[in-house]
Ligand SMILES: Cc1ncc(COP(=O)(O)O)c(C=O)c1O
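Shown below, as structure tokens, is a lone chain in the form predicted on its own; questions about how it binds or moves come after it.
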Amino acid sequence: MQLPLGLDANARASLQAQIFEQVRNLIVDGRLQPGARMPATRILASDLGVSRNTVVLAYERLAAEGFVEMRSPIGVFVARNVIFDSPRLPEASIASGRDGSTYRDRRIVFRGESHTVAPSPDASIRYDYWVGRPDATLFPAKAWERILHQTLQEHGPGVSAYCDPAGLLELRRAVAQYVGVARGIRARPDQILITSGIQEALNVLARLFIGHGTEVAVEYPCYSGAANVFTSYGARLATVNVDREGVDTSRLPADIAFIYVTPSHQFPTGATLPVERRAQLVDWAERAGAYVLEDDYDSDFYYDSAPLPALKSMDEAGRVVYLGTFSKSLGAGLRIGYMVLPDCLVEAATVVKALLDNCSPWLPQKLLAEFVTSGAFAHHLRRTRTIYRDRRDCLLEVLREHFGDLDVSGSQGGMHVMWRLPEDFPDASTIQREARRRGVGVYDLLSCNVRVRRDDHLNARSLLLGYATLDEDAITDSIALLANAIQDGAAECDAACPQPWQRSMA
């Protein structure tokens, strides 16, 4: 570590005193934190062009006055008991934008809102049904460690080199092979662009297609993380309602740039778009000259039958952009997603990716490429599907034990279900509040990254239950607590008139 010290040989103060004063100031105002290692005396003397003895004497004075600690033979460290006096930075004035949002400077032209990337830690929640979170304990750490060791031994210099902005060729080949087998997509490696998850892919595509006032379509309800990206670039959103079978293809708008859909496991309802509607959507895109952004959300987890082939597998005219990710199957911390692009979009999308971050990190790409091509990824998916299927079965069974017949969608796959509540139950927000008091996290749509109107009946009468991180014992215990929460919530609403389901639970 080099210290930003400036010495003046013509100053009244000695060089030793100047070093002491400047280092002391760095420590007192918090720029050198407690426990930080100081440069070795020989190195600092070389950096400053002074004798080592000058630095030694300055360090000894700093130690004598309690600013540093000498830990021979380890080195010199900032003392941990220094009293800091950090200056308070002036508060910037906050201006309100025309959309009601607040920004610190009116010169900031960006306007947008964020989704919840991860919920705030809450120690009071013992059983959390947050949606879209894979079980971290299932991460194949041993296989990953083995591949990491081998990769660094054989290909270590790759860490210091830039990659192709489109992504590491080995990974693009592995992805092309995977989507061909698993999703029925004919893809060449040069059609694949590696991204930092789905979210970066959405930003790349928004930059390609959206200008101020561009009309694009999204499902209703839909993933707010996508809708918020589009509106931040100036898009006007047209919504297409979702029913029990997914997006209603009879209501597609006539003149839009693209439509964003989640056909494998619609977010949030969990509906799977049937073959007939998939064909209608692809035909519409060709006729309208529009694109379909296919976010293949949760497609790695189907339990009772094989998944339908991806929309992209039906795309003969080059109107479908396929978005995939390893965030759900392996872990979001890897930040690796990908797009399968029509040929006409490859060059422009690669330029946008290069402008965003030059390229994705080399090491995670290299490790993942080996993990996929070695067959370890397929083994991991089989194991994970079995575990998640058992947890889904347990959840549905325990819900029926407590509540009888269920109106649940999305149970055929994925990592969450949407439970449409009976009309005589408390509303979803009441249940969410009462469950939290008992240490159970369940969520209405608005609380879980769903773009939906607050007054929408679907939001008031639906709960999202992400079950992937909870084992069978946790599911059994937590649903019993949820039943108590619902009973107490109903009692608050109408203590004098118990409903039939309450009597059955009593």
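The first residue of the shown sequence is 1; numbering continues from there. Given the structure is predicted, the values throughout are model-derived calculations rather than measurements.
One more form of this protein exists, namely the form predicted together with this ligand; it is left out here, but the text below deals with it.
A residue is said to contact a partner when one of its heavy atoms sits within 4.5 Å of a partner heavy atom; Asp300 fails this definition for this ligand in the predicted complex, lying far away. At the 4.5 Å threshold, heavy atoms of Asp295 reach this ligand in the predicted complex. In the predicted complex, this ligand sits within 4.5 Å of a heavy atom of Arg335. The closest non-hydrogen atom of Lys366 lies beyond 4.5 Å of this ligand in the predicted complex. Checked against this ligand in the predicted complex, the residues Gln177, Ser327, Asn228, Thr350 give one hit for a heavy atom within 4.5 Å, which is Ser327. Distance criterion of 4.5 Å from any heavy atom to this ligand in the predicted complex singles out Gly197 from the list Gly184, Gly75, Pro274, Gly197. Only one segment in the set 228-236, 327-335, 432-440, 138-146 has residues whose heavy atoms sit within 4.5 Å of this ligand in the predicted complex; it is 327-335. Contacts with this ligand in the predicted complex, taken as any heavy atom within 4.5 Å, map within 221-240 to Tyr223 alone.
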